[in-house]
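In the form predicted alone, a lone chain appears below as structure tokens.
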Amino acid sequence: MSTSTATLAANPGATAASGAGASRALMIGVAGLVLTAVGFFISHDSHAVALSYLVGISFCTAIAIGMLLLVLIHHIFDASWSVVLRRQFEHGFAAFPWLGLLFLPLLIGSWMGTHDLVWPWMNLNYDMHGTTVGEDILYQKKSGFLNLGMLTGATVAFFLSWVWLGARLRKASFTQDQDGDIKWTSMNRVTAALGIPMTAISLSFAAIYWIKSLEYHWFSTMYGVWFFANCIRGALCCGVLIMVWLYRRGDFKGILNPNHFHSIGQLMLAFTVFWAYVTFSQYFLIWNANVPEETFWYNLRELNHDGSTNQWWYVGLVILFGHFFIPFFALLSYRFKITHHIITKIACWILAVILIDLCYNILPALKDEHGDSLPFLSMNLVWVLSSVVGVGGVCLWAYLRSLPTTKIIPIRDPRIVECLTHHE
């Protein structure tokens, strides 16, 4: 193994830099959260700020879930090329407890009597254009699932499952660095066998509860898979940014080679196609069936009540080309996948469009007096950005705080040599 022990061990200078970076990330995160909180109290529409905050926390939670899934998949397939990247995702798991804590304001606000703070179905007197939620037959049929107690219990269960899985994976991986015992690898395989279905089910229900239920009349069997695709794509893009950052910092020099970037680029390409397949299938099935109970969701994102095209139609086109065509053709290139500054730009682009995709799914729940979705280019984007900065800053702080606590790569993993000599 050509990598020096000094490279693998915690570098005092790098450790200090990580500590300083963590402090800055926390300050930026707190500033973003404070700005969002101020917006909630000064804005004339607190519902809009709350939904914007839901966008921010859903975005960061999706990336963390994607990291968890990729590590679970790594263990179940006994992959070798991703061993060094796996360690960085394990540090990313440190964000789960904080994400759970940051989700609490949405639940607490609902319990304190602001029942329509985020999810209108919590207010049985909410006007549904001629009828109230409580009188709505569709809500009555779904009320056993859509109620505050179920939402709270399910959300707590989601985060507890993610925290528990992340803690098990971290403990086994970090302890193996010290004793080199193969039992920790076996333990993580067992955890992966249990964790993959657990995470798949929990992320699907989280997407349905948090996002899809904003328009509870709507039906879609593809929604959990759509959220899964964004989770994985977001995690892969963050993995690229981490790899390039650590390489430029010097930690990954002599560890990463072009084939590592090519492999993660291939996965980014594969899940770009997967996202397009899922999204197109959902749209085509609803368009082909032409059932009003389903088509209204897309109509809100295309037309106003008078038949004019609204801003969300153009956002949909941005998602179509930005989420599929542009990254698809870019990631076909071998050179683009292994060139650091190019793959970094592609990763940032995809992350930006994932955020827009979440806005497309969440913010049209805000409507004017005619029942039209509020414009995309509105004050809401300020609160979306402040929420992303706030929650993202806290997640970055958690990652940077965890980073110096163990080796930069899992030095005693059974497949570490295969990883360091990875080739196509």
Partner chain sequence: MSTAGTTSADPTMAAQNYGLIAAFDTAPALYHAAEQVRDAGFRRWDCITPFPVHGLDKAMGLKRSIVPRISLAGGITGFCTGMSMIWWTGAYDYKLMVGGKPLFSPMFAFPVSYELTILFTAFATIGGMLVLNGLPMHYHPVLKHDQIRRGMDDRFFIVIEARDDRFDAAKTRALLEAAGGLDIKELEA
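Small disclaimer: the values here were computed from a predicted structure and weren't measured. Positions refer to the first chain, counted from 1.
Absent from the display: the form predicted in complex with the partner chain. The rest refers to it.
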Quiz item: Can you check whether Asn288 is within 4.5 Å of the partner chain in the predicted complex, heavy atom basis?
Solution: yes
Exercise. With heavy atoms only and a cut-off of 4.5 Å, decide whether Tyr283 touches the partner chain in the predicted complex.
Key: yes
Exercise. Answer with yes or no whether His91 is in contact with the partner chain in the predicted complex, where contact means some heavy atom within 4.5 Å.
Key: no
Quiz item: Quick one: is Leu241 in contact with the partner chain in the predicted complex, heavy atoms, 4.5 Å cut-off?
Solution: no
Exercise. Just one of 273-281, 147-155, 96-104, 189-197 has residues with a heavy atom within 4.5 Å of the partner chain in the predicted complex, so point it out.
Key: 273-281
Quiz prompt | Residue (of Leu160, Ile182, Ile342, Leu332) lying close to the partner chain in the predicted complex, criterion heavy atoms within 4.5 Å | solution = Leu332
Self-check item: Option touching the partner chain, based on a heavy atom within 4.5 Å in the predicted complex, out of His74, Arg168, Arg301, His262
Solution: His262
